[in-house]
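A single chain comes next, written as structure tokens; it is the form predicted on its own.
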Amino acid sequence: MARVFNWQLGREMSYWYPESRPQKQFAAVFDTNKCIACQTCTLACKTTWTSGKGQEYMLWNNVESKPYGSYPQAWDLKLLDMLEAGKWNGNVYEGKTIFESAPAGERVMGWRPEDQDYSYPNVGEDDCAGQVDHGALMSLPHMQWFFYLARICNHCSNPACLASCPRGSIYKRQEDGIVLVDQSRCRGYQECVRGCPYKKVFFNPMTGTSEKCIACYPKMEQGMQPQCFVNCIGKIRMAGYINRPEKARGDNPIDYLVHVKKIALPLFPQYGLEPNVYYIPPVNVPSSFRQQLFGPGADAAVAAYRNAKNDPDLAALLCLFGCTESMMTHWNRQGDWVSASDDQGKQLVKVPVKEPVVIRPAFDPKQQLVRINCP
């Protein structure tokens, strides 16, 4: 196996192919604290891409309630048990990745879900950790807690689906790093389904080939964000492109959140895939659970997020989430306004950092009447 550098692990690791970086890498940031689990993103994706025969069970985008929700069932717990708890030494991961833990003769440590594992997409929805006993009072930090985790394909820099495919039918696009399946080469071995730790590759029994999230690349090529992003009611998502840490740009929204402020973190970085979907961790979750999902920087990320009210630049950038359908590659704050532009420097959107408040008096002197709230 080749050796590649994984900056999320802080070290080199073994991978099936030599390191190869695309010209640009698609990336996204999800703010878990704003998600309301309305599933509008799920339906937007479903009606756009997976409404055909054999795709009934496919949810390229889904939202699950943690800690008990998962689709397919136990997609995270089973692999964590197989991999065992890895140790972090600061920001360096000292455990083994799913590539380094693979049994002899296999490329990736993984497992293939059973059909029934896909039968309960809403399992655990709104179920909280802990029990609310009779007479229990609310206290903070939360006695009982849960949060919503929105998931799509991570379009990883070291994809397990790509590494595990014996046909070479999975590839990363050089122009944007999006991971796709060449269905003309796929023979339905389902090794990609087995290998992906996030279980975001699906098998279509009608066509006999694998399918997965394509990051709406036809829209991306037109400078537009994917369907699940632009339809998000809670405005929790931002799509863009990410640079390596040593080449991070402060005027790139994704770079700023991931590399500069470090408030957006990858999901299960210990797997070793260097995923490119990043999450602002939930603030109301026990530290140990946060760190299991997002790594050792989770608590610092929450602290920085909570301090956004005292950080004008971070507060301004958070206001740009969900404000335009276009891809934002540059951003800038000037006073109480924040704007975003595309690669050509064209301004896409400009919004106030603080929404103006207008108070309507109860009595309207012009109309000489008292305003009332109509049901």
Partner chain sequence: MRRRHFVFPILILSAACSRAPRVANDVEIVPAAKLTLDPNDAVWRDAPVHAAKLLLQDLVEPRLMKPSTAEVRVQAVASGNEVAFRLHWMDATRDDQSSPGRMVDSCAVQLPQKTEKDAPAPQMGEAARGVEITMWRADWQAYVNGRGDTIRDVYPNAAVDHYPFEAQSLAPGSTVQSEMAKRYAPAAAVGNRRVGPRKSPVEDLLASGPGSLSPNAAGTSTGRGERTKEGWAVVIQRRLPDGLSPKVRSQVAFAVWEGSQQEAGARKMRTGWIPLSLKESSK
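Computed from a predicted model, the values in this text were never measured in an experiment. Numbering follows the first chain given and starts at 1.
Note that the form predicted together with its partner chain isn't included here; everything after this is about it.
- With a 4.5 Å cutoff on heavy atoms, residue 336 does not count as touching its partner chain in the predicted bound form; it lies far away.
- For the chain shown alone, residue 57 is a contact residue for its partner chain in the predicted bound form, at least one non-hydrogen atom being within 4.5 angstroms.
- Proximity of residue 207 to its partner chain in the predicted bound form falls within the 4.5 Å heavy atom cutoff.
- Residue contact check for residue 203: one or more of its heavy atoms lie within 4.5 Å of its partner chain in the predicted bound form.
- With the partner left out here, its partner chain still marks one of 113-121, 149-157, 237-245, 293-301 in the predicted bound form; by a 4.5 Å heavy atom cut-off that stretch is 113-121.
- Contact with its partner chain in the predicted bound form holds for none of 30, 219 and 255, as no heavy atom of theirs lies within 4.5 Å.
- Proximity to its partner chain in the predicted bound form, defined as a heavy atom within 4.5 Å, holds among 194, 96, 261, 173 only for 194.
- For the options 91, 183, 144, 287, the residue carrying a heavy atom within 4.5 angstroms of its partner chain in the predicted bound form is 183.
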